[in-house]
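Single chain ahead, written as structure tokens, the form predicted alone.
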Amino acid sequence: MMLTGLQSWEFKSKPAIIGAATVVGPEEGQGPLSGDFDFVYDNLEIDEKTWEKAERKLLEHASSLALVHAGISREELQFFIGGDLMNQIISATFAARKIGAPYLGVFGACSTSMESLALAALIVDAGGANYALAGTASHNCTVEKQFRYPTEYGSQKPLTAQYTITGSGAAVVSSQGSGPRITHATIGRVQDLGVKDPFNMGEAMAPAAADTLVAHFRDTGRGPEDYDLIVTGDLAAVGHAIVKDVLEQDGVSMNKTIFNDCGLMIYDRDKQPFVIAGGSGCGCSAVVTYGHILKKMKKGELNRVLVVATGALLSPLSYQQGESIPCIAHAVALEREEGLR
């Protein structure tokens, strides 16, 4: 690994994602990307008695499938890096009991997918492991209960609100084997423009996404035109429009690439109006990346992709005390394996 610029890593060995898996709930299974997920549950309970146990099961299931797809056993896995949105990241921590590998728990809110993937690549590239698993999950009902209002309360939501996805994504990163390569990671800085509304995460997170994108282009010497696809994590309709405007003001035109958002890709907002502005949650960028995007890379439809996962770092307590919402974004650059081009 080499520090590139001020806040980016270049991975000299280009660690490979040798196996990945995605598991989602019923609403995600009815969206436009349904064919790219490995398993779709037909009930929000995920056949468990509590929402929290359901979320944990999603992560356990995705992790187990990722190991199968990577062709390795639990005993061969050397590290698990994971996190989620629950207090004390209990979904990842409790899932780690079953996974059994040495565990690093991380919290980046909805940026956790790329935070964990960047750290897995860092460990592998430095020679610290041959196999590292990165994974995260979210569940609509756990997040609504913790951060907003329980679903049963039936509260009205503004047009800026987003719908937390129910799903989990996991990926095995290795120094050997074939698969999409991880070439760079840009670690974001916390940004806070004073937004206090927990029903407007897109506006709160957009500055963090823009800051990390500008940093990535500055540090790597790359531009939007060097990527076939650039996706943000879960800015949805409100935040995605804002980040494009902010980048234009910074002299970065995203018209030179395909620029999209995982929160806009996972649902059909016309046919699924209950998602309002679009998807969100730790699982959002994880299932879109490890499902849809990796499949398109393996098919040769995408050669180089930049995933910028975004996260709002609030807690129920900070909101109740009147704090604004600090946000972060982490970016990971993926490249199709050269021999497959």
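A residue's number is simply how far along the shown sequence it sits, counting from 1. Owing to the predicted nature of the structure, the values given are computational and were not obtained by experimental measurement.
Omitted from view is the form predicted in complex with a further copy of the same chain, to which the following refers.
Against a further copy of the same chain in the predicted complex, would V214 count as a contact residue? Criterion: heavy atoms within 4.5 Å. No.
So in the predicted complex, does S13 come within 4.5 Å of a further copy of the same chain, heavy atom to heavy atom? Output for S13 is no: heavy atoms all beyond 4.5 Å of a further copy of the same chain.
Taking a further copy of the same chain as it sits in the predicted complex, is M254 in contact with it (heavy atom to heavy atom, 4.5 Å or less)? No - in the predicted complex, heavy atoms of M254 and a further copy of the same chain never come within 4.5 Å of each other.
Whether S315 contacts a further copy of the same chain in the predicted complex should be assessed with a 4.5 Å heavy atom distance threshold; does it? Looking in the predicted complex, residue contacts with a further copy of the same chain include S315, since a heavy atom lies within 4.5 Å.
Counting only heavy atoms and a 4.5 Å cutoff, which of 244 to 252, 262 to 270, 220 to 228, 184 to 192 contacts a further copy of the same chain in the predicted complex? Heavy-atom contact with the partner occurs in 184 to 192.
Within 4.5 Å of a further copy of the same chain in the predicted complex - does that hold for a heavy atom of every one of G35, Y41 and A70? Negative, none of the three is within 4.5 Å.
Listed residue (V143, I89, V238, A161) with a non-hydrogen atom within 4.5 angstroms of a further copy of the same chain in the predicted complex: For this set of options, the contacting one is I89.
Residues of stretch 54 to 82 in contact with a further copy of the same chain in the predicted complex (4.5 Å, non-hydrogen atom): Read in sequence order, the residues that approach a further copy of the same chain (within 4.5 Å, in the predicted complex) are R56, Q78, F79.
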